[in-house]
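Have a look below at one chain only, the form predicted alone, in structure tokens format.
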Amino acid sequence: MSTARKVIIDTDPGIDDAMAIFYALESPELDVVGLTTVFGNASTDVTTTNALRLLEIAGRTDIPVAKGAVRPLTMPYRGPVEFVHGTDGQGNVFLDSPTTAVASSDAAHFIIEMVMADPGAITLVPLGPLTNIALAMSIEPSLTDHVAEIVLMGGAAFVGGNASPAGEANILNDPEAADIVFGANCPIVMAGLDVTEKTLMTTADIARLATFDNPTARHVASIIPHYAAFYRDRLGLDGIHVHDSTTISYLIAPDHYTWVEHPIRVDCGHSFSRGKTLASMRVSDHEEAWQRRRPVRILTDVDDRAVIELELGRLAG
């Protein structure tokens, strides 16, 4: 009998983060051993409050929450995206304050402590900007020798961005951190816009979700209308793109995905292409910047109905 895979979810909750966290908690294939928080969809103070409250809603206050970076490595925080996630990051439902508290370690040191205490066992699942992971790698250079895998939501290798024509939001929020992480010495899976924008949870799916009678599903049903309104009004979609939950679907059902593998660099310049994830299609002498990097597994296609049904089935409880 196989044991559950240990994961640390690095997160900026965020409506789609909430969905992914609950999805992971309802998946016996995964053992969520910690949440670490970061700026992104909202400030780190807000995302940390949300992480604590989400675990309270799920009845999983045994899982520690470590508060992380409040700004990118080298630039100011670009600010919250209230028009997508609400002022509170949770669709303007304004949850009560949490009754639980954060861990004593900050996110980077928490990641280091957990990984080094259980080498080869922990998978990192970043759902926001990659600042905490990059900081941990900088503090402990051998860290990724001991990480089982990094499965991240971010990037856009062969499609345009969503925060700029070139940049996907998580990567554009800290390109320097992302470039460090894509050089990690462990397997990396990139669940970026190449695949997440092919994964559509329709309004009919969302209506089904609203019928599920458990605390986590009720919370998702209360916050998702704000998110769906953004997709309807800004993009004309009948539903939502499934971004963060793609990492969870890949972890528990990788057979629903196809991919290519290429090393990646991130444009850290200050032009219109800042934040672009650049996949090297062939490594030759003139592509020296990519040569010492492990290939990244870039998810490119999906059986979207299969993974939507899988997620809905887990959220149903």
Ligand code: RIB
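The first residue of the shown sequence is 1; numbering continues from there. Just so it is clear, the model here is predicted, and its values are computed rather than measured.
FYI, the form predicted together with the ligand isn't displayed, but the following is about it.
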Specify the contacting stretch among 211 to 219, 71 to 79, 131 to 139, 243 to 251, defined as having any heavy atom within 4.5 Å of the ligand in the predicted bound form.
243 to 251
Consider the chain as shown here, without its partner, and state which of Val115, Val125, Ala169, Ala156 has a heavy atom within 4.5 Å of the ligand in the predicted bound form.
Ala169
So, in the predicted bound form, is Ile223 in contact with the ligand at a 4.5 angstroms heavy atom limit?
no
Though only this chain appears here, would Thr37 touch the ligand in the predicted bound form if you measure heavy atom gaps against 4.5 Å?
no
Just checking whether Ile188 would be counted as a contact of the ligand in the predicted bound form - the rule being heavy atoms within 4.5 angstroms.
no
State yes or no: in the predicted bound form, is some non-hydrogen atom of Leu193 no more than 4.5 angstroms from a non-hydrogen atom of the ligand?
yes
Go through 6 to 42 residue by residue and record those having a heavy atom within 4.5 Å of the ligand in the predicted bound form; state none if no residue qualifies.
Asp12, Asp16, Asp17, Asn41
